[in-house]
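First come two forms of one protein chain, each written alone as structure tokens, so that there is a structure 1 and a structure 2.
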Structure 1
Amino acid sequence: MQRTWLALALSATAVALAGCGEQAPAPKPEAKAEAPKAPPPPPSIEIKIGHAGPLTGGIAHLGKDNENGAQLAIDEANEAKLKIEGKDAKFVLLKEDDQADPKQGTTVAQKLVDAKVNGVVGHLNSGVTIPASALYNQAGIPMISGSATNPKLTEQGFKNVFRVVGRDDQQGPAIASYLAAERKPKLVAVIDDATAYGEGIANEVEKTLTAAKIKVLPREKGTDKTTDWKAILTKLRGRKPDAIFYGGMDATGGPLIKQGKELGIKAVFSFGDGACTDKMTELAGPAAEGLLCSQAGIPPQAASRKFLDAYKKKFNVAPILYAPFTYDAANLLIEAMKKANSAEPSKYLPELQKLSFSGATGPISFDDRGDRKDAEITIFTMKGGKIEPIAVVKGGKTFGYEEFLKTMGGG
């Protein structure tokens, strides 16, 4: 009995102790170390610049050359890590093919307007640039052409339209005066391709020759697609002109001179900037040797060394014709945005209008119409299959090419 009581007492005591005993708290899970938060990316702004030119068809090589010039400027601006409105500026080139066709040009222009581009470089051809410019003007978007030379472009009263090359009423008289002074023709035939560019420059050439008392035959016309000139040339052969001037592009000018020589025409052939390229040798062969032509600006090889080296490094070719000018055109848009600290067209346009800029093609500023002040015109000849500059016309005065280079600090 005593044992039973003792056992019960011990059991009760054990239960009580167990009930009152404190259990060790379970270890808390260790807090995971939080990774440091990345700083928020700096605010950025995308700035869209449009480029339009022919990327298909007979003068696609010239359109691509123009596009390359603009692309180089865009790439350099991005490498420079510019800031606009205090934000990292990312420039994007929107590229469109206008096929050198006025209807396609306005379609492309509307596409760029709808994309809300901040500015436009282009177009190449005057006949495309003029109608397209009306759409950019309506949208208030600044545009700069590096190659459209018809005077009408900047005589529409648009305050947003500019060009960085000379005009046909500068270029036409320059090539006509050089032809008259150096070759002294008594009878000249004039042909054009019925485009705004071709007809415009041909009119200026004819006007200058007539004023110099040189007889000009009735105008002959083709189109910007004509490659068979035999009927017109056979007709002219009977008139025995001393010189023939063609207003048009190299894709049609090459066949013209080739067929003219095949028909035995002895006249000196001369052209405006559209046919003032090395491609004339490819299209005409030896017949192109000795031709005369003009470009509304300095020759590509006279552009800044910095530009020429950068272009060659990026594209592995030399610029053909107007790439230095489209490079300058894109840089002018960018420089005006920097000065205004805004990519908004209405805010940077006033800066663009009054800008004084040192470009790959020399000093650039605009007159009240949007034309480049003191634009040069260069005269070339084809020698050994290559277009070579022989003279530069500036401010109404003609310089030998080497003489002109010295005035620029080169040569």
Structure 2
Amino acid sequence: MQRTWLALALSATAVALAGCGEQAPAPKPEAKAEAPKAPPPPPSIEIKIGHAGPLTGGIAHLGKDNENGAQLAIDEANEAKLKIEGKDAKFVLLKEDDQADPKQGTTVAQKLVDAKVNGVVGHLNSGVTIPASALYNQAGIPMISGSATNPKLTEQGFKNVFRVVGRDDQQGPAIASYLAAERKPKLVAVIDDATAYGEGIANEVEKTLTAAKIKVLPREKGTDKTTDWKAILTKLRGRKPDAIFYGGMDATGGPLIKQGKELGIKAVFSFGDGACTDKMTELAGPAAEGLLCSQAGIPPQAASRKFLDAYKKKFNVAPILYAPFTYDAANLLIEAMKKANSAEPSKYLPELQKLSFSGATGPISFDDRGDRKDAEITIFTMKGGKIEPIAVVKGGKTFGYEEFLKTMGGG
């Protein structure tokens, strides 16, 4: 009995092995047949594009997501069999792990520079992208980030640095104009946490509201460690604002909205991206329901249908966050190389600057600093403990989220 089982198992293994053996050599003759035909007449050119983002650590999933976006663009370009300088272009993606660490970021940036990449997509974090951008700038290599939102990145005067995502300081005006247009408050209170980020975004909100002829109460301030907001909120309750904006992070924003609701404040609470997370519900409980907040860019599910289908097909998962942006970033590099008919950074850089491109995240063109013109900011609300997109602000205009999805589907 045992022997028969053994024999059966052996024969099964043999069949399986044979199956493998059969499958593997099959494509070979084809490749062989093709190989002698292709190489000699048109010489090929290898174009290296670098991607850097965290592939290990707490946000490794976001880094992988970014990398997938760039990889998809590269694969599509290879399938399209582009010709550059009259040669067959073969695009390669060099993938580096910057561990979301500024020090590691400059190390991998140097590695990419030494590998003589023709362009770079990345990095993910602003804090890592800014020091790395100096190295790419020295080497004259064009770099496009799909996710770094800190304004500083493009304020360094580097001609080769671009981003396809919105800036933090576009968020303030966006959430303020959404508030003004949709909620029509007469009186707004603005609070910040006295950090560069919080004060910056609060100033932008105040400016936009004042320009829209909405009265703003004198600024109230906490710190980035404040836990007790009751004194400030009680004072504000006496002034009866219709909306309250807080420039700060979720760690302080959560207690703020919780205490506000406990005091019976009816105003709409609104926040920037620092407090635009699901953690707000964890911190504030049901009090977080109905808050408004903004994030730079658009949610991935709002990217073009074509991109979403291709991504899903290739990686078997849905894009998480910034993949449509890195996809566009890689495509922009390729498009500029096509236009300039050269992969030489100094030759295609001018083309990149004046490019007008229709990508997965909508039409893209750059201003003088390398920021995306009319970048989108998405407005979210808290519903059932999760933040949900409700509108997209673009070039000062507000679109309902559904309406925006339709325009993207069309493009």
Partner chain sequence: MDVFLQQVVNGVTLGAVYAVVALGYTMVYGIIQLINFAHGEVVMIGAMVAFSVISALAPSGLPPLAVVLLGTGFAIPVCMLVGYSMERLAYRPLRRAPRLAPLITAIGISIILQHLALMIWSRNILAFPQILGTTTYFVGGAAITNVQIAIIAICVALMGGLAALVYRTRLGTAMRATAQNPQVAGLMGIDINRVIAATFVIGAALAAVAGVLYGTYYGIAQYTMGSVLGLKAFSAAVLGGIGNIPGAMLGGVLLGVVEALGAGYIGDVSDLCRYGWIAALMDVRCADGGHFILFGSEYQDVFAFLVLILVLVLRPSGLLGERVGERA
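Reference numbering: structure 1, starting with residue 1. We call the rigid core whatever largest set of C-alpha positions still superposes within 1.5 Å between the two forms. Everything quoted here is computed from the prediction, not taken from an experiment.
- Note that the form predicted on its own is the one shown as structure 1, not structure 2.
- The rigid-core alignment places the CA of Y327 less than 2 Å apart between structure 1 and structure 2.
- Fitting the two forms on the rigid core leaves the C-alpha of F158 displaced by under 2 angstroms between structure 1 and structure 2.
- Positional change of G274 between structure 1 and structure 2 reaches 2 Å or more at the C-alpha, relative to the superposed core.
- After superposition on the rigid core, the Cα atom of M382 is displaced by 5.3 Å between structure 1 and structure 2.
- On rigid-core superposition between structure 1 and structure 2, the C-alpha of G396 is found to move 3.2 angstrom.
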